[in-house]
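Below you will find one chain, with nothing else, as structure tokens; this is the form predicted on its own, and questions on how it binds or moves follow later.
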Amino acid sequence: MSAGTNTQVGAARGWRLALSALERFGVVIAFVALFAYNAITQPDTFLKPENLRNLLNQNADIGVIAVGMTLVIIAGGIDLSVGAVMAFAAAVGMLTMNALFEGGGNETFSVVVGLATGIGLGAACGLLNGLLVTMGRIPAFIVTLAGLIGFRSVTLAIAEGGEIRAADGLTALQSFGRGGIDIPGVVDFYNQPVVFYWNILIFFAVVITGQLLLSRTRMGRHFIAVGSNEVAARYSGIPVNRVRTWSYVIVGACAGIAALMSMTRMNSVSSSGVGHLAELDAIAAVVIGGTAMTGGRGRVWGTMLGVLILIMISNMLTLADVEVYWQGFVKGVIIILAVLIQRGRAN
């Protein structure tokens, strides 16, 4: 082999290694670059501990939904109904909570039952979606699109197009939303301890649980196998329908947890506002995080970084006085670019 050929082979190998590193760590590079840009251009605002905390807290519910969405997409499906399920679960959970408390029930018991009802209802909606996809043999896009319309419509009917507020005197819900763990040695502008809210801790707990489920359990391996090649998975003895149904149950439960987080943060449920475009944000985070829309490949930790990247982009647009109406357009462009990059990697 000539020296020129050796050089060409070495260069090709170098390009392959570089592309492999970009595919694996590209989301990390993007996160670091965006963080550095925000820190340099807006040091007095962006780097304040309370600003970082608030940005996380305001988007933690979307992050939880994105974790569930990651598992669904890896298993070869998609769920467009998660935002509507989130609103439906929050509305029913709040009504249950109010009914128990106003009926003379213990405040803590009322809150716990209301929150559990929301999570359970979210999982039930996911189960319905999963059964329609697997047993009904209806395309996931159609099923969840119908769910997006249907669950939102039911929520609007329940709330009569308005919002549902927590009952007077029900303070435990708001206390949970504003509670958390003090960050040692970190104070805000008013010299008060910066609190790491429970919602943020729930988000990171769900991320860790999702990553462990995907990488350390049989169910996680089955998600990957079904998403990679459904026929091969079926011949391997994997119960494809059951596995795919479980992925929808999990994302539904994640929507229920997100409903819990929204309820505690806002102390009310807006029938039209809660979960609005949550599916767009979740899918954007999943794609940015490196999960293949064709299924069979993805990382929960990558989705977490995708959520953080979207948070920083939204923060940049807000501080740059870009109207909120344009932010959805930017997220849509990001999804298209991320899919195009994935297609290039596949080629």
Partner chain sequence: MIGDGPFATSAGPILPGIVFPMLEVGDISKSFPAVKALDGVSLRVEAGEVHGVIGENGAGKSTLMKILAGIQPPDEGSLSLEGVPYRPRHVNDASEAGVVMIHQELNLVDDLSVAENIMLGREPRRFGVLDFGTMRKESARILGEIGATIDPRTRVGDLPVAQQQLVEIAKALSQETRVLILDEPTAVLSERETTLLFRLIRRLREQGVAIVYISHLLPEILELCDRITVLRDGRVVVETTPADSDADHLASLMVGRDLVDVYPPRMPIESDTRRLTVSGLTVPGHAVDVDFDIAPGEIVGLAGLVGSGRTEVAEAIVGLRPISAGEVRLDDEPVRFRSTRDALHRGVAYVSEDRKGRGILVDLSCIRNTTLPNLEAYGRLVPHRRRERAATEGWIERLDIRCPDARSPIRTLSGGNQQKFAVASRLDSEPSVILLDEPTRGVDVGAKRELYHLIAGLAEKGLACLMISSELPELIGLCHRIVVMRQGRTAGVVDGPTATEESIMRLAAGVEDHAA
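Residue numbers count along the first chain shown, from 1. Everything numeric here is computed off the predicted structure, so don't read it as measured data.
One more form of this protein exists, namely the form predicted together with the partner chain; it is left out here, but the text below deals with it.
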For the partner chain in the predicted bound form, the stretch among 252 to 260, 147 to 155, 237 to 245, 97 to 105 with residues bearing a heavy atom within 4.5 Å is 237 to 245
If we test each of Ala159, Ala225, Ala172, Leu131 for a heavy atom within 4.5 Å of the partner chain in the predicted bound form, the one that passes is Ala225
If we test each of Gln192, Ser272, Asn229, Thr209 for a heavy atom within 4.5 Å of the partner chain in the predicted bound form, the one that passes is Asn229
- Closest heavy atom of Arg216 to the partner chain in the predicted bound form, within 4.5 Å or not? yes
*Is there a heavy atom of Arg221 no more than 4.5 Å from a heavy atom of the partner chain in the predicted bound form?*
yes
Applying a 4.5 angstroms cut-off on non-hydrogen atoms, the residues of 73 to 107 near the partner chain in the predicted bound form are none
